[in-house]
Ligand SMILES: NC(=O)c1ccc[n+]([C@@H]2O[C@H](COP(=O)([O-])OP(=O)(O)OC[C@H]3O[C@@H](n4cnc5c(N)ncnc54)[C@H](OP(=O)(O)O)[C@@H]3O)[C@@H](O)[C@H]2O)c1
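Given as structure tokens, the chain that follows is alone and in the form predicted on its own.
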């Protein structure tokens, strides 16, 4: 390492707009303690919703005071190891998911928290933890079975396109919503039975006309009116899992005046569940191993958005790009 410093992105203050909350700083490259490894990040995953909400101070399960580090998942290469570290060596490829470990060029981490992988690629980064979230939300929270009708919203996104494939692999009929013809084609290529372009088709009409018995399982990343339509169209004993609400990130929460949700779900014995992965960590390791096996055996395709974002300085633009809904697949930043 010729340089003695590296750059990272921090939240300097809380703000509604992600770009207004952050700044780049330089700090010394640290030396690993006995049980630590030093990783040079190659790729970081963009999580526009979490990034925006944490910079607004609205993530309930973390209690942060600015300034604080940003970014979660990263994949990179081990460049130094502590004296007691036995399972990692310089040059190993690793994925890390420590809060604050993503949006930085180097990170120091306890060796027990790193995951060794074959190569430091953005595809592997997409599986850990984005793919893990999709699998756990579908199976552990949504109680996904076979021969069901499963609806995935924002289905061409980083989480959604994995959820579509997992639902198909489980033997289900899968509907996927998206916002362009390019995304419709992507979903069709991934095996989605009924892609719906919400810009050219009416989601409510399609569901009522083509699925009169309702939807067994909804994997919702969008929220707002899409959530309402999904709740209205649940089947008997249908389940709706709230994985996110990208329609409201960075905006004022919409006030809704309508009958309460139990009027929609009670008579169908249906249910609505919230999902955030930190409360299901006991399932993460098994989910990770299954996803990697599916990926390495070519049963699961990983789509990384083709738009290039290079370097720490590109992260605000990458967050804005993701929130705009333009992406196909996972948005990543390259270092």
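Numbering follows the first chain given and starts at 1. Because the structure is predicted, anything quoted here is derived from the model rather than measured.
Not pictured, yet referred to below: the form predicted together with the named molecule.
- Residue-level contacts in the model of the complex: of 46, 70, 291, 37, one residue has a heavy atom within 4.5 Å of the named molecule, and it is 46.
- In summary, among the residues 247, 172, 97, 121, the only one with a non-hydrogen atom within 4.5 Å of the named molecule in the model of the complex is 247.
- You can rule out all but one of 156-164, 112-120, 260-268, 207-215: in the model of the complex, only 156-164 has residues with a heavy atom within 4.5 Å of the named molecule.
- Taking the partner from elsewhere, residue 183 is found to have a heavy atom lying within 4.5 Å of the named molecule in the model of the complex.
- Although the partner is absent here, residue 309 sits far enough away that none of its heavy atoms falls within 4.5 Å of the named molecule in the model of the complex.
- Put simply, residue 275 is close to the named molecule in the model of the complex: some heavy atom of it is within 4.5 Å.
- A residue is said to contact a partner when one of its heavy atoms sits within 4.5 Å of a partner heavy atom; residue 199 meets this definition for the named molecule in the model of the complex.
- Residues of 165-198 lying near the named molecule in the model of the complex, listed in sequence order, are 177, 178, 179, 183, 198, the criterion being any heavy atom within 4.5 Å.
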